[in-house]
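Quick setup: one chain, the form predicted on its own, written in structure tokens, and binding and motion questions come after.
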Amino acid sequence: MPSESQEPVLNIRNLNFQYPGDIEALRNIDFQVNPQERVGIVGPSGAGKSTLLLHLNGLLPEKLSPSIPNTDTASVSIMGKSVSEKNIYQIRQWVGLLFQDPDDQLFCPTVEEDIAFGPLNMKLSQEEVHKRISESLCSVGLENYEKRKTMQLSMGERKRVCLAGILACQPSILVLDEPTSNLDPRARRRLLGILQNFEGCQIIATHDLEFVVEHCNRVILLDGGKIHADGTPKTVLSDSVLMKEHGLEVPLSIQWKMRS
């Protein structure tokens, strides 16, 4: 949970959102995240996890659902700046968003071109861009992949290239949507190692509850667009009644500890 001694890097207040057709996705979302916190967002499919993440760097509209009461008091801010059109360039430098499907994120023919896209749009020098490409590929274990064709890579490699593209922009916050989905155990371990070396704040929506136990120091349970629990992984994920109520299961690693 956030401590009073730290200024939060993320502050969400009374966030509500509806998709067209009055499909309610988020209801009265309120929470803060501190620097270096690793927050797992868990819940069943359709809980609103991805919708929540898309608000964190302005991919969903600033004007939220007018049909929901008190929407005018809603706010999402990063490092003290509102996530709004006037701040969007700065927000997207601070917040690196990894989509669940790398094919939604990769759009250049080669690895080098894809990773260069962000730094080039930051108006960095060619020398600095090449330096960041090399460093980010090294950080995800894909040295010398610059000339590889993005669509010829494995799923795990494509995910790591997407992450390298984000790291090349040197964000303060990583926002990750199902980062371990479709990864084999070796690729999953590599990803975990990469994220454990990232010093900034991380917000991770995932169905991989063992990953939350291993990596996160806080978990928020989202269901029906509402927050139902917010605490440490041990406290939230070991509550078998709560987990069953929201279509989840206590992770095996916690079950074993409870039995011993």
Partner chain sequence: MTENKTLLIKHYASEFKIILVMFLIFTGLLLPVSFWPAHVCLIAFIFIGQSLIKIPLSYLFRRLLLFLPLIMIFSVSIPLTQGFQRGWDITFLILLRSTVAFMAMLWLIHSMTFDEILSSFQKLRFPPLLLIIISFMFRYCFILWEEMESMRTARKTRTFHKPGMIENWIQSAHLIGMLLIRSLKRSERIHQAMCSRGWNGQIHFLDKTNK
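Numbering follows the first chain given and starts at 1. Fair warning: this is a prediction, and the values are worked out from it, not measured in the lab.
Keep in mind that the form predicted in complex with its partner chain is not shown, yet the notes after this line are about it.
- Checking L97, L183, L142, V83 against its partner chain in the model of the complex, a heavy atom within 4.5 Å turns up for just one residue: L97.
- Taking the partner from elsewhere, E135 is found to have every heavy atom lying beyond 4.5 Å of its partner chain in the model of the complex.
- Contact check for T150: a non-hydrogen atom falls within 4.5 Å of its partner chain in the model of the complex.
- Although the partner is absent from this view, R92 contacts its partner chain in the model of the complex, with a non-hydrogen atom inside 4.5 angstroms.
- Contact between L54 and its partner chain in the model of the complex is found at the 4.5 Å heavy atom cutoff.
- For the partner-free chain shown, E113, D114, I115, A116, F117, G118, L120, N121, K123, Q126, E127, V129, H130, I133 of 113 to 133 come within 4.5 angstroms of its partner chain in the model of the complex, judged by any non-hydrogen atom.
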